[in-house]
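Quick heads-up: it's one chain on its own, the form predicted on its own, in structure tokens.
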Amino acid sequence: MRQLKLMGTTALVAFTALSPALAQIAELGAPEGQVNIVAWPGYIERGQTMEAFDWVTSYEQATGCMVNIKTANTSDEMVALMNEGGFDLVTASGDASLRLVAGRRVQPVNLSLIPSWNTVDPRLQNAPWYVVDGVHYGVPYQWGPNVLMYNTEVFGDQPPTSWNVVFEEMTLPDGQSNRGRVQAYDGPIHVADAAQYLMYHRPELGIVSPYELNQEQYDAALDLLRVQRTLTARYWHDAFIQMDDFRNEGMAASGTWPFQVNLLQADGVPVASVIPVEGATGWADTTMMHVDAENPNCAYLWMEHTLASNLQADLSVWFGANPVVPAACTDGRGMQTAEGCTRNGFDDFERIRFWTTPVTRCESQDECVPYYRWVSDYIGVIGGR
């Protein structure tokens, strides 16, 4: 029996004894005709944004399953949507996946129904953010770092090397203050970015993981976030609004996803990105199936489809992320190349501290501040408390 303590409650889940630990589908039947997916913006493309990026049409033609997409901008929004129901799949990050498992919103996956499973990166096949007591609650989708994006005209020949440009007031290379010219992520998991910064700059705090914070460490992270609030022009959660801000509102720097960097660069906006000396948090996303999925056959066909190396390659190029199928970097079936994977950080896996749900009973110390506190306190920080 494994004990998951999430959102301030204790979920006792006897994964090996209760029926939810068993995959609900033993063999595939006839496709139902549609599949409903909650996904991050830019994750599921059908050629509408840019014609060359389309991994939906071929699936629909091959299976007869029409893909319906509901985008969500934060992990909390994804969890809320899955709690409401009506969806078959979700592309969940690590700060949502264990909450979905503990809340019994997702079901175990029958890997024997996913023929391409053995092509998945071994580093991800048993990752703790979706595999619980040996039970797989999904299939990896993509992974990558949260990078520091900066305006190259502001920084000139002095690109930033530290996250301090978004956490501490300073004069930037263009001679102006960073106050009112930086952004921060509008999600409680951003507390981990502050904690990671403190791991490097305040080692006396003894932080081992940015997701496992005792009260003193947590208070220090909140204090840093309160400083950041005095600098922040916008707390972003909509990727496209953030891109508009970098185009039109004079933004100098922000944490972001490679997706925004790639699109802005393609439009000729003077931005670049870096993983600073402190390292980076990151996301390793998993396609998970709702416990009450109404279209399970189409859902399984979609999970298999997502592991095709050409899809993984094109998604990697589009989103600036890394494929979960390593062959996508080298087999030439899609747009990605070995050099592109290196540029996206494929070799930096060990440097990234992937999003995971903070829990009270943590590995690095006796007791940690749980996620529900992160939620309420981060709202307070944004509100000026």
Partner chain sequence: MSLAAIDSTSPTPQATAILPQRGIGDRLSALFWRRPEILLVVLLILPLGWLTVVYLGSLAALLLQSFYSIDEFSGLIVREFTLRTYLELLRPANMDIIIRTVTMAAAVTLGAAVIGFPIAYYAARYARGSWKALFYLGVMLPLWSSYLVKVYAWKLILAREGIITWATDLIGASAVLNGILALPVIGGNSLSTSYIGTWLVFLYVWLPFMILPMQAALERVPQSMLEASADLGASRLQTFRTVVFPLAMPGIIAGSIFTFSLTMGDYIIPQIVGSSRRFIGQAVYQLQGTAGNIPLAAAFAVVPIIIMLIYLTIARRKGAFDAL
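Positions refer to the first chain, counted from 1. Only a predicted model underlies this, so the values are computations on that prediction, with no experimental measurement involved.
As for the form predicted in complex with its partner chain, it is not shown, yet the points below apply to it.
Contact between Gly250 and its partner chain in the model of the complex is found at the 4.5 Å heavy atom cutoff. Contact between Pro188 and its partner chain in the model of the complex is found at the 4.5 Å heavy atom cutoff.
Its partner chain in the model of the complex comes within 4.5 Å of no heavy atom belonging to Ile25. Interface membership of Gly180, defined by any non-hydrogen atom within 4.5 Å of its partner chain in the model of the complex, is confirmed. Think of it this way: in the model of the complex, its partner chain has a heavy atom of just one of Asp76, Glu294, Asp219, Glu169 within 4.5 Å, and the residue is Asp76. Note that among 235 to 243, 275 to 283, 120 to 128, 298 to 306, the stretch whose heavy atoms approach its partner chain to within 4.5 Å in the model of the complex is 235 to 243.
Shown without its partner, the chain has Arg99 as the single residue in segment 96 to 130 with a non-hydrogen atom within 4.5 angstroms of its partner chain in the model of the complex.
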